[in-house]
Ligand SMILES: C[S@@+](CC[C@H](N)C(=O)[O-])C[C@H]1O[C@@H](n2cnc3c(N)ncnc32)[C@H](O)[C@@H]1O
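First, one chain by itself in structure tokens, the form predicted alone.
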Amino acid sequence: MTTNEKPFSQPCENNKGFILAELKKAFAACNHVLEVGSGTGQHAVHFAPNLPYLHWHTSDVEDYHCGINQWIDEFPSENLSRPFTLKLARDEWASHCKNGNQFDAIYTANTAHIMLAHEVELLMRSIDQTLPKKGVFCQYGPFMVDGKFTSASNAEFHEKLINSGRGGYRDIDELRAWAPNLSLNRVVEMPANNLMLIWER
């Protein structure tokens, strides 16, 4: 891939419509959404114009900023902010929300099984402590339910992740324990053995 080519994820293209349908319901009363781990940027440029009543804030490690910005350059939206580097261990979430507003919604996709366990715990605890009352957290990806994988392919992928040094799949009950102030209101079955977890503070 040359430097002029935007990063591209086929799974992002495949799942963006299904995810957007859930976000329209979950974020109906929200104003400022923080996307944790914007990846290629494909989700952000698709969701922002289709959720014009809210402001979408992208974030990721610096290595991904160039690609995200390329997508934003090609598909700009007035309600879409360029990426910043989010430090979970620092209380800087609100400082990136424009005009002194607070993030009342958080979205993340396909991060929990890539991050190490202590990183996921820190993410959940940070959201648990910073999301305001009635705030919404939408968490998309593959998860374990009651200690079991939802498919054989998920179990196989989990082993590959572990062997490559990744954290592997997290159980929903584990996530609950790390975020005691969040209520898991809905668990939505999504295509390709994924789930959408919809939490509320």
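One-based numbering along the sequence shown. No experiment lies behind these values; they were computed from the predicted model shown.
What comes next is about the form predicted in complex with the named molecule, which is not displayed.
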Quiz item: Just to confirm, E119 within 4.5 Å of the named molecule in the predicted bound form by heavy atoms?
Solution: yes
Quiz item: With the cut-off set at 4.5 Å between non-hydrogen atoms, does G37 touch the named molecule in the predicted bound form?
Solution: yes
Quiz item: Can you check whether S77 is within 4.5 Å of the named molecule in the predicted bound form, heavy atom basis?
Solution: no
Quiz item: Going by a heavy atom distance of 4.5 Å, is H43 a contact of the named molecule in the predicted bound form?
Solution: yes
Quiz item: Okay, which stretch from 170 to 178, 58 to 66, 129 to 137, 144 to 152 lines the named molecule in the predicted bound form, with non-hydrogen atoms inside 4.5 Å?
Solution: 58 to 66
